[in-house]
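What follows is a single chain, given as structure tokens, in the form predicted alone.
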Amino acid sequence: MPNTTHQVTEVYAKDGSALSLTGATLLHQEQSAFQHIEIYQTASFGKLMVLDGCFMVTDRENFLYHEMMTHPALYTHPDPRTVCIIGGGDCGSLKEVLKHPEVRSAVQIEIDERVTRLAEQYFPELCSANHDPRATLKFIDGLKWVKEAAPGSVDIIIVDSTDPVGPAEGLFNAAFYRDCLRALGDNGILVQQSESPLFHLELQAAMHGHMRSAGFAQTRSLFFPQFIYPSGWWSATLAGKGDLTQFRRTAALLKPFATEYYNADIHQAAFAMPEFFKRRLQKL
């Protein structure tokens, strides 16, 4: 296997930009049934996972994404007991979900088992909750699972997917959101990674429109920094059966676990909407 030291780069051709990490040593690469997977050791960001040429996760800053994909939704729901994660093969979101003692079961559905097995090998800290008795890992199609889920059987669905291409393309449309709405119970919340507000504004507006047309009562986006993703500015979009503007602030203030980024003040601030974003949503 090649073991060369060099610079690894993701090019965002559409937006005329790129990001490079230096001192990158290739540790592993393979072609799974679904995508090309590479693992690098980098000089300053620890290990890096790359899927089909796109940076996915590093040791240094993955906490930003995983915490903001999970804790805002979990503290917005009044009583989250059952959680489904679609994607999230690196298991970081699963780890954060299972920090909540009220969660009784968390099902992670990742279509590519190789992503999880390589994460267990190269990112073991992200996989520390994989053997929690409340966790179930399924390596199947998430679209099919949601379609067949019992009505009202899930409190929170987290769509921790890659970009809306290839196997993930079907996770960004009204048909999928209708299936999620049916699977969610009272006060159910869907949260989905929704790309960069700077580079992918039209996709985000479309997501809000599709979620609302599917029947969700309310949608909101939250924003957070993410250095290795296009533009360095990322988002998640929530769709709820109930009110998403309130959260269990006291519980968040007294959370019985450590975080690196998320806290009650970050929760509130993350939903502040930039003016250009607000103007775009007003056109829906």
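Numbering starts at 1 and runs along the sequence shown. Just so we're clear, the structure is a prediction, and the values are computed from it rather than from any experiment.
The form predicted in complex with another copy of the chain is left out here; the points below concern that form.
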### Query
Are all three residues T22, P225 and I266 in contact with another copy of the chain in the predicted bound form, where contact means a non-hydrogen atom within 4.5 Å?
yes
### another copy of the chain in the predicted bound form: contacting segment from 211-219, 29-37, 238-246, 42-50, heavy atom within 4.5 Å
42-50
### Query
Quick one: is L198 in contact with another copy of the chain in the predicted bound form, heavy atoms, 4.5 Å cut-off?
yes
### Query
Does R279 make contact with another copy of the chain in the predicted bound form, using a 4.5 Å heavy atom cut-off?
yes
### Message
Can you tell me whether M56 touches another copy of the chain? I mean in the predicted bound form, with a 4.5 angstroms heavy atom cut-off.
### Response
no
### Message
Need the contact residues for 226-263: heavy atom within 4.5 Å of another copy of the chain in the predicted bound form, sequence order, or none if there are none.
### Response
F227, S231, G232, W233, K255, T259, E260, Y261, Y262, N263
